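One chain follows as structure tokens, the form predicted alone.
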Amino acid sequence: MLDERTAEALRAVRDEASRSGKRASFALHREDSHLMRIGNSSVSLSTSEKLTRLDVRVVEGRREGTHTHVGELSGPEQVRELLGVAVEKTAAAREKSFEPLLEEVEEPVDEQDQFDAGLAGLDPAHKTTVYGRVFETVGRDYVYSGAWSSGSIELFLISTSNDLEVYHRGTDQQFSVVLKHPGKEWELRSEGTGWRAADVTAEQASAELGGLTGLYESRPGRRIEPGSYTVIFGPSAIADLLQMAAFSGFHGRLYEEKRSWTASSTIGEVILGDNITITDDPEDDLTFRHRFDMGGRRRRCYPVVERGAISGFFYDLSTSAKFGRRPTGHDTRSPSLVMACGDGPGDPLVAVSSRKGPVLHVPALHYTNMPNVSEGTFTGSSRFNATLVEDGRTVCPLFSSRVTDDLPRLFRSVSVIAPEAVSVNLSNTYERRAPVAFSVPSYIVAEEVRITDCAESF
């Protein structure tokens, strides 16, 4: 819970600014983070940090200024000084071609339903124990690496637009362990996520890695020729594809500036397969729920694509002000994208049992990029856990293969979608803590996917 002393200091200065005619917002971000890295089967880094940031923003006509303070707040006097700095920056700023919008809380929100005290105070010794159990269970003959980020965040936002306020407190974790064969060089990876301490277990990671080591140990890897293939994409790969599609196709600024692959399309137009439905849903428990954005907008389920047709684009405050659009609640570093499940069989091997020729099973994509955003062209390598499937059976490991295709074409080629959803963590641990998790089907099957290169090794 946000301490009342800090909250009262922010409210007091907000009220003073409002009475004096200033237009200002105060956004508090507090995090308690721990990161452990594993290298060469031992702990290579274990670090923690507690940070408080206050972003003060002032809007005056077509000018705006922002000042960020890092550190705890001593009281209203300090907040008043920080507001003064933001006011000075605003006066010195160059006028924009449009009048910026000020943050405005639409309705009060106090959400703490994804906060777990056990995860917030997770002992680093617990992490070493979990990793140790994985090493012992799967085998000490391999070399292990990985990372485990965990922690909590608090968000608090008020502005001079009104006297409403929003507050969020939550916990999150992102776990990974990579197994590498010391001689054959192949790598396997297991990932975990969740907002409860119990969401990541050694048993789950051991089962995933152990289920593949037998195949990789007993069967040589195979190189395929470049061409078009039926591909089973796993949840990690789907989440990456969804993230790239959302950024390059449905970001309001790219769309308005005609730089997105949807630039020539309109609301209601069918651009993807009729089995593709995508929403941004902060009520989905497989995501890290944030029911408001840092523009103060109340976030609810927001349709993006419905049965292949465009339903909406993401408009943050800046884009909305510049292009005269209504903000959609997307001033957030924590989107909750959800791809709807389908009616395919639970087992992906059953879904491709009738396919003739080789089928690629690509659980995850690595080294992803978008060489042409306006065409929706993406590229990524299979690298981890990839296998070759023939006649509905997994026959051997797959050498590192590169997928280079267009997102709209790929999402039109999806023939089967799994009936169950899983959570995939896409958080960036290099900036301020902002947990991101998507809810995606456990697999999809896409036809005629372009494989542009396949290495002769893993």
Partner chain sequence: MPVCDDAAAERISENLDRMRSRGAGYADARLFLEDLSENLLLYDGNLELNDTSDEKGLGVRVLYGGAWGFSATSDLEAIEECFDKALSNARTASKLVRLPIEMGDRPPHDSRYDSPVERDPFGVGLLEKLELLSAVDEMLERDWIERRLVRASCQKRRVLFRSTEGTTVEKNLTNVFGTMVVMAQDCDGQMQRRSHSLYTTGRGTRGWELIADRALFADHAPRIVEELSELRGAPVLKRDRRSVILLPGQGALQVHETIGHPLELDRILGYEISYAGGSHVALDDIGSLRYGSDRLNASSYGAHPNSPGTFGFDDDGTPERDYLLIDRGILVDVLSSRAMVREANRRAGREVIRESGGAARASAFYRAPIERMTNINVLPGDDGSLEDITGSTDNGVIMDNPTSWSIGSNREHFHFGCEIAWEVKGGRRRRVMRNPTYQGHTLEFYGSLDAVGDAGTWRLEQVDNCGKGEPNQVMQIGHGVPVMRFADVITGEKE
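Numbering follows the first chain given and starts at 1. It should be emphasised that the depicted structure is a prediction, and the values quoted were computed from it without experimental measurement.
Below, we turn to the form predicted in complex with the partner chain, even though it does not appear here.
Residue 142 versus the partner chain, in the model of the complex: is there a non-hydrogen atom within 4.5 Å? Within the cut-off, so yes.
Are any of the heavy atoms in residue 392 no more than 4.5 Å from a heavy atom of the partner chain in the model of the complex? So residue 392 does not count as contacting the partner chain.
Are any of the heavy atoms in residue 327 no more than 4.5 Å from a heavy atom of the partner chain in the model of the complex? Residue 327: no contact with the partner chain in the model of the complex.
Taking the partner chain as it sits in the model of the complex, is residue 84 in contact with it (heavy atom to heavy atom, 4.5 Å or less)? Judged by the heavy-atom cut-off of 4.5 Å, residue 84 is well away from the partner chain in the model of the complex.
Counting non-hydrogen atoms within 4.5 angstroms of the partner chain in the model of the complex, say which of 355, 291, 383, 251 makes the cut. Exactly one residue meets the criterion: 383.
Sort through 207, 147, 224, 301 and report the residue having a heavy atom within 4.5 Å of the partner chain in the model of the complex. Checked against the cut-off, the match is 147.
Contact check for 75, 333 and 442 against the partner chain in the model of the complex, heavy atom at 4.5 Å: No: no residue has a heavy atom within 4.5 Å of the partner.
Can you tell me which of 276-284, 119-127, 207-215, 106-114 lies within 4.5 Å of the partner chain in the model of the complex, counting heavy atoms only? Looking at the partner contacts, the answer comes out as 119-127.
Residues of stretch 51-67 in contact with the partner chain in the model of the complex (4.5 Å, non-hydrogen atom): Residues within 4.5 Å: 51, 52, 53, 64, 65, 66, 67.
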